[in-house]
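Next up: a single chain in structure tokens, the form predicted on its own.
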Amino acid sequence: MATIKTVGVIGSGQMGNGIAHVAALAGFDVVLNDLSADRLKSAMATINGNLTRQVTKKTITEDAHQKALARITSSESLEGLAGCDLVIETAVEKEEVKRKIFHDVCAVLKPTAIVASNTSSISITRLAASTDRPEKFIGIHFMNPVPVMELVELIRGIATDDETFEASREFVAKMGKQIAVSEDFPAFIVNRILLPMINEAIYTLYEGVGNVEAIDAAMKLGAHHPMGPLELADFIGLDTWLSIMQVLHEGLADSKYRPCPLLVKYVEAGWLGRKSQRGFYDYRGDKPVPTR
């Protein structure tokens, strides 16, 4: 079986820096790639801050913190990933963007390297077909925030071989994550169930059944969800939710997956949630305030 020692992560945003964090902490050498030096610098600061928080909570030692940081290097070019045994893409949830990345990165990777996507909804079989190694392509879908959430979905494309699957399973297990194996259907398992609930919460707001605070309080206090559905939508990003709902709607051709018009309107306005400072809540003040 292929041995994974060095992991490349394409994209240094919330998911990318989280994957780099947990991989380095588990003892893997990590190359974090992004086009922007500023984003890479910000990502390293985030990783350091999150590791420091774990030290404070006594879940890791200061020695583990420092060793994990030392295992992460950054690269502004894909050529920096040439020596990686596994490369995980964490780009925006748009198929054309991901396909371009895979086409470009495969040109610099060694033939034995495994290529993975952290996509939360897009067909692994289709993405694999844009590479020179569909048998070495797999979906490794981490949950957000990566250092906290225990689950990883593993998704095989139609061409994914057993060696790639087993090496990926071992990689995930070494990070202390639990694995759910999903078939290659739109949105896989978690988002196939979670997204329609979020979408229904937005419809509940859109139709005036309840306001933002009432809907979130209802699910936190009535169903013991740690975050309300609208608060969670803001945390992940409304553009991400919309992209996944569109994949579900188009891929399964069922009207029950139609994105709520209010979600579309917020995304068109650039109100994407926490990352843009406004979504279902306004985050520009001392505490979040509902926008409806």
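Please read all numbers here as calculations on a predicted model, not as lab measurements. The first residue of the sequence shown is number 1, and the count goes up from there.
Not pictured, yet referred to below: the form predicted in complex with a small molecule.
Stretch-level contact check against the small molecule in the predicted complex with heavy atoms at 4.5 Å: of 220-228, 52-60, 32-40, 254-262, the positive one is 32-40. Only one of Ile47, Ile236, Leu242, Leu248 comes within 4.5 Å of the small molecule in the predicted complex through a heavy atom, and that residue is Ile236.
Between the options Ser130, Thr73, Asn144, Ser123, the residue in contact with the small molecule in the predicted complex by a heavy atom within 4.5 angstroms is Asn144. Although the partner is absent here, Ala20 sits far enough away that none of its heavy atoms falls within 4.5 Å of the small molecule in the predicted complex. None of the heavy atoms of Leu151 is located within 4.5 Å of the small molecule in the predicted complex. The small molecule in the predicted complex comes within 4.5 Å of a heavy atom belonging to Gly16. Glu93 belongs to the set of residues with a heavy atom inside 4.5 Å of the small molecule in the predicted complex.
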